[in-house]
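Okay, so here's just one chain, in structure tokens, the form predicted alone.
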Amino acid sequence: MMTKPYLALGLAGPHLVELTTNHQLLERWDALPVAFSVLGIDRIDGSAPAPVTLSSSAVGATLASATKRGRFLIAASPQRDHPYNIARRVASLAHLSGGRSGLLIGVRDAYAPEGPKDAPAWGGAGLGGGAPLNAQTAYDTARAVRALEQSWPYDSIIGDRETGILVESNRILHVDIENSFSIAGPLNAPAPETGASVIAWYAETATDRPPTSDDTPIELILGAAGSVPVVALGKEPPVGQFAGIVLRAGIEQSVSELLDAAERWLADGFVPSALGGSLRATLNLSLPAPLPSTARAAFPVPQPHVSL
């Protein structure tokens, strides 16, 4: 028996502006039983930049605080940002949203300026050259984000008033990454209570699929070469067995039109996703393995406060 796919939404730049400036639309989006929405999918899917957009992570922060149920992936690329900065945003959004957020990593960001020709990754913001801009760099970025988000275990925060030890700081670990980037770590924010954030990849063709490794951080592949194809609003769902479908509006189409179509699809062939809850639980994804036990501790074992 075929399993019904879940439904997700793809929002481009103008839709982010429309959604965050219309309270009624925001309430309607928050009440829609879809698995997640991609905020700014046009940043990384090869589209030309639209006349207007908003920062994907800034919109994520707005939705995390203004809504209670809707889940989302922010779109990011190493073209503009160093992995450490992406990791800090990803972890912060997971804390703000209660685990309703995740990351869609891309090779290029259509809205980012070109960086230095010899090292265009992490050079788009004019902060200095970093690495080649290719799939391996994006993949290494995802690996860095995953490791950094796990470097400060959430349950190391114990708040022991009797000893004065608030954090078992010896459990905070260096990540010691040496690939496209050189990062010692750790992240200066604890891991989300709901665990490391979901990391997705966009692949329209087989050649767009991510590199592979035993410790791959990629848990979800969107696009025609993945398990969750992207379908333009106005088209029919593809034939076949898929985990889910992303319904994507064009920039000439409105958020209202997208939500109207999503409601019709949910009533005909798609399984509604539970309202609220973490993105990881909704997609039935297991928690990634923790950092290896051989990782260096960033701090010594804390001692009871001498005045207690």
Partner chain sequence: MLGYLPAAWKTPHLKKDAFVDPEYWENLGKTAERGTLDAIFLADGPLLGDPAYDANPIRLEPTVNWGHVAAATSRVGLVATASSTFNDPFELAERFLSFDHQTGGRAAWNVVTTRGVPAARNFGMPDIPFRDDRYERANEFVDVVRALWASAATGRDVHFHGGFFDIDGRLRVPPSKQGHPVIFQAGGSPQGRELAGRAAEGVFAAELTKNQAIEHYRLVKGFARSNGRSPDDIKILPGLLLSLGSTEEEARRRSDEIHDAGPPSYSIGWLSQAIGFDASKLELDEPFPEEVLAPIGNAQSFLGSIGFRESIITQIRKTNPTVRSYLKQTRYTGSGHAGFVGTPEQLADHIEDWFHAGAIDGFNLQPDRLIDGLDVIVDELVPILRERGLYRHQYETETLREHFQAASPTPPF
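Positions refer to the first chain, counted from 1. Quick caveat: nothing in here was measured; it's all calculated off a predicted structure.
There is another form of the same protein, the form predicted in complex with its partner chain; it is not shown, and what comes next is about it.
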- Flag this candidate site as yes only if Phe242, Val255 and Ala261 all have a heavy atom within 4.5 Å of its partner chain in the predicted complex; otherwise mark no. no
- Query: Where, among 135 to 143, 227 to 235, 195 to 203, 83 to 91, do residues come within 4.5 Å of its partner chain in the predicted complex by heavy atom distance?
  - Reply: 83 to 91
- Item | Partner proximity in the predicted complex: Val17 to its partner chain, non-hydrogen atom cutoff 4.5 Å | yes
- Query: Taking the shortest heavy atom distance, is His95 within 4.5 Å of its partner chain in the predicted complex?
  - Reply: yes
- Item | in the predicted complex, Pro210 touching its partner chain (heavy atom, 4.5 Å) | no
- According to a 4.5 angstroms non-hydrogen atom cut-off, is Pro49 in contact with its partner chain in the predicted complex? yes
- Item | Partner-contacting position among Leu54, Leu32, Ile251, Leu266 - heavy atom within 4.5 Å of its partner chain in the predicted complex | Leu54
- Message: Could you pull out the residues of 154 to 172 that have any heavy atom within 4.5 Å of its partner chain in the predicted complex?
- Response: Tyr154, Ile157, Ile158, Gly159, Asp160, Arg161, Gly164, Ile165, Leu166, Val167, Ser169, Ile172
